[in-house]
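As C-alpha cells, one chain now follows by itself in the form predicted on its own.
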C-alpha cells in the first residue's frame, strides 16, 4: 500500500494540506504501507524553493516522516508529454485552436443565457484542412482530452461510498496541455500530470480533500484512456471556519508556520488535526499521539461533513501537552524564546524551577515569555499592586521584612526559613501574615496575580533581585 502527499510549493504549508498529509500518514502506518512526497512544481512562476523547504520542514516538525526520497514533478515532464502523445495518437485528445477572445465570448454568451460555463467542444472534430488554416493564421493550440457527455464515471470512495458522475457534468473537453505553437506540446496540466505521476510512483490509494472530487472523475477517464490501473480514492472533509465556510487566509492563521510561531506544539496540533474529520473509536481518549492514532486509524471513522475549526479545543490540547511534557524538554523549547528577549539563565537548575513554576499557566509555548518576564526584568507596578501597597501597614511590613533580610540574609534555598522570616516580620510590624505576603507579591511581581509566592521569592532571591524590588516600593 502506497500513498502520497502532492503539495504545490506556491505557498507555505497550509493547515488543510497538513491534515491531508496526516491522514495519508496515519493510513500508511495502520496498513504498514509507505507514505511518499511529490512536490508539484510545474507552476514555475509561483513555485519557490523556500516554499518546498517550508513544506518539508513542517511535515518533519509534525513527525510525518516519509519513506522514499521526494519526487519533483517537473523532472517527470517528458513522461507527461509521452502520455499526451499517446492520447493524441489514439484519438482521445486533439489540438484546440480556440483563442482566448473566442473563449471569453463563449462564456459571456453562456452567462447571458443562464447556462453553466463549459467548453462547447467546437474544435473536437476539425478536419485537416481546417487545422492547416488555423496554423496558417499563426494560431497556437492547447491540447484537450475528449469527454463523452454520456460517459458514466463511478468509483467506491473510502469516505463517501459509491460515487457517480456524468461526463456532461465535467465542463466539456478538458485541457491537458497549455497553449503552444501548433505542432508542439505545451506544459502538461494538473489532471494529466497527476495520473502519470501516481502511476509512476505505484500509488495505490489517493487520499485528498473533497474539493478534488470533480478532478477524480476526470482523472479516472484519463486512467482508462491510457490503459492504467486506477487507484483507490478517499476524499476527506474540508476544514471549516466558525461560519461553516472553507478555512482560508481571510480567517487569519492558516499556515503551519503561523501555528508554530504562536507557540502551538507539534503533538497538540497533530492530535487536533486528526480530530478534524476523524472520530475516535469507543474507549479511546481524544488526547493521543499520532503513533497511537496510526494504530487505530481507519476511513470508516472519517466523516463526510466538514470539520469546524475550534480554537478552544486546540488550546486545551496544547495546554495538556505543555503541562505534561518532561520539564527538561519544556525548558529546552522555551529557552530560544527567552534568548530572543535577551534573557539569559543564571543556571539550568534555576531555569527548570522557573519553568516548573509557570507551567500550570501555559496554554501556548509563547505564554512562557509573559509568565517569565517578571523574573528577568523589573516589573512595572500595576494598579492592583499599587492598591495593595497603599493598604495601612503594607509599607511598614515590607520595611520590617527588608531589615530582617539585611540582618539575616536569605539565599533563596531554605523554604522553612522564608516562611519564618514572613512570620517574624508580620509579628514585628503588628500586621497579619496575609498582608505581608500580599504586599511582598506586589513588590516582587508588580501585581497580585501570579504563581506560588515562596517559590517566586526563592528564584528572585537566588539572583539577588528580591531585596532590590522591595526597596523600589518603599
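Positions refer to the first chain, counted from 1. Values in this document were obtained by computation on a predicted structure and should not be read as measured data.
This next part talks about the form predicted in complex with ligand GLU, which is not shown.
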property: One stretch from 181 to 189, 388 to 396, 204 to 212, 268 to 276 that, in the predicted complex, holds residues within 4.5 Å of ligand GLU by heavy atom; result: 204 to 212
property: Single option in 256, 322, 93, 194 placed near ligand GLU in the predicted complex, where near means a heavy atom within 4.5 Å; result: 194
property: 4.5 angstroms heavy atom contact with ligand GLU in the predicted complex for residue 473; result: no
property: In the predicted complex, residues of 28 to 48 near ligand GLU [heavy atom within 4.5 Å]; result: 40
